[in-house]
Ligand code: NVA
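Form predicted alone, single chain, as structure tokens, below.
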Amino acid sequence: MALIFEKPSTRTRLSFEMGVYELGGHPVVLRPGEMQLSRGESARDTALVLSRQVAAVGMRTGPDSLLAELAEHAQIPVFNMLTALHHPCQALADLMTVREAFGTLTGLRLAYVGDGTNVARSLGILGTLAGMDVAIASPPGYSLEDDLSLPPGAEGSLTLYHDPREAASGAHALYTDVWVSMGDEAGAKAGGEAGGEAGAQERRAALAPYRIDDALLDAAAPDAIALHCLPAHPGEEITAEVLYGPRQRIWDQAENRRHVQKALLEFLLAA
């Protein structure tokens, strides 16, 4: 199994590498600079070579177009370990964690508060497909696109808000992500905001009302759980009291990356 990491990773690397091992396979981890892709070899040629050496390929990268081109030309399964627009493996683990907590997904409300990241987008897509009511609250300028395409057969709903308490109302799971995403640490949201530390501070100011704390959890359902895809910055998008307290399932969520990804690999390779 080829696991291509063009972006830093903790949970994705650990969960896939250990998951492949537990399934009886051998994970081949490929980092930046270790492939001819970094010297100009095409994604097409890379896909043709990988198809003759491994059973499947996972890629953690920036541009969705690179992953799409690799998948187009590969003769084996290619799966998304993270791109700029999507993080489906994370969302699968999130849904597994919610189902562990409540016994079902159908009809549950999942509220995401904060920046409209790739995680929020994948939660919207997969959550509605699983029959959940997904509410995503972001400040103006940080929201997901209004015309996000939901998959055919999705029985849930997706609603975008600006008010975090309105999104959290009645929610069974309250979810957040970092305010300054990977690659944006020294700047602001891609797409034209001011860069540098001033841009990062502007983001933090805009997102401050979207912090998950006990008060926001109190606005959700009585048995609501807090979720976070990690890494976390206690005191920014989530308080330390929630992150390490009894009202969260965040560490179960991190463990579930391995379990659900093993199921994904079995599904892909048994097809």
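Sequential numbering from 1, following the sequence displayed. None of the values given here were measured: they were computed from a predicted structure.
What comes next is about the form predicted together with ligand NVA, which does not appear here.
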- Note on the structure: in the predicted bound form, the residue from 128, 97, 138, 117 with a non-hydrogen atom within 4.5 Å of ligand NVA is 117
- Item | Answer option from 230, 206, 66, 56, heavy atom within 4.5 Å of ligand NVA in the predicted bound form | 230
- residue 109: touches ligand NVA in the predicted bound form, heavy atom cutoff 4.5 angstroms: no
- Contact of residue 172 with ligand NVA in the predicted bound form (heavy atom, 4.5 Å): no
- Looking in the predicted bound form, any heavy atom of residue 87 within 4.5 Å of ligand NVA? yes
- Task: State yes or no: in the predicted bound form, is some non-hydrogen atom of residue 82 no more than 4.5 angstroms from a non-hydrogen atom of ligand NVA?
- Result: yes
- Query: Since the chain is shown here on its own, which stretch among 139-147, 99-107, 173-181, 155-163 would lie within 4.5 Å of ligand NVA in the predicted bound form, judged by heavy atoms?
  - Reply: 173-181
